[in-house]
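Have a look below at one chain only, the form predicted alone, in structure tokens format.
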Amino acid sequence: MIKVEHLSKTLGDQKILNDISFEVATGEILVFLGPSGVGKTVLLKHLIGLLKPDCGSVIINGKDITKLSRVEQLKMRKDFGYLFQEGALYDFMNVFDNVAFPLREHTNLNYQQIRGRVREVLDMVDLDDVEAKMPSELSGGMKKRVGLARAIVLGAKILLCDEPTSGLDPIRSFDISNLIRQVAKKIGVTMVMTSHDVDNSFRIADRLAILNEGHIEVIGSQQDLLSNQHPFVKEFLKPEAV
């Protein structure tokens, strides 16, 4: 489904990504761990074609998206869902209109069909009676759920999640982590997530990777990470994994 080969990116005078290579199988959940500033969000932007690498390739379903035209990239992105750190809801739209927005932009569904689909995905993220609420009326956890509903409403085949537990208390972080895995497995998406939340990432992921100084320090199962002896890996995992 996703294959990244020798991806490198420099922004300004800083090497953000340095010779990154990995694969994500269809239906797999891969979580990239690391502290702020190591290039996790930059990596996600390459996967969806918002950034072009200095070198290397990003292959989605056999096509190198770095070589696609702008029109081809826009078409390709319809298969993606993107959950932003803060939900990134339109503050001038209510919940219904936020979730319905991709359907109105990219489909020819009528109002009743859109309404049915919006209700379906809101139910999937365990939200009831919120369609008329404005983002300012929602808690942080509810905003994440609405953002997740919007990310999957078009029937995404690939879901990208950028720090989904950021800004949430431990209980809400636990809940949203469980929900993301549950939804991802239910609809069968391939998912790449970034996080610094070790405990919840261990529960969500099929595999994990740790980014350090622009490259992948280790990639594999939870046990592969915990048994890795690199000083950075041990230090990063120690506070929450013990």
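The first residue of the sequence shown is number 1, and the count goes up from there. Treat the numbers as computed from the prediction; the structure is a model and nothing was measured.
Beyond what is shown, the protein has a form predicted in complex with a small molecule; the following relates to that form.
- Contact here is defined as any heavy atom lying within 4.5 Å of the small molecule in the predicted bound form, and by that definition each of L11, V38 and Q85 is a contact residue.
- Per the 4.5 Å heavy atom criterion, the small molecule in the predicted bound form is contacted by stretch 30-38, the sole one of 62-70, 30-38, 200-208, 173-181.
- Interface residue among I219, V24, I16, V233, judged by heavy atoms within 4.5 Å of the small molecule in the predicted bound form: I16.
- In summary, among the residues H215, K185, H196, K52, the only one with a non-hydrogen atom within 4.5 Å of the small molecule in the predicted bound form is H196.
- For E131, no non-hydrogen atom is located within 4.5 Å of the small molecule in the predicted bound form, even though that partner is not displayed.
- The small molecule is not drawn, but in the predicted bound form it has no heavy atom within 4.5 Å of I48.
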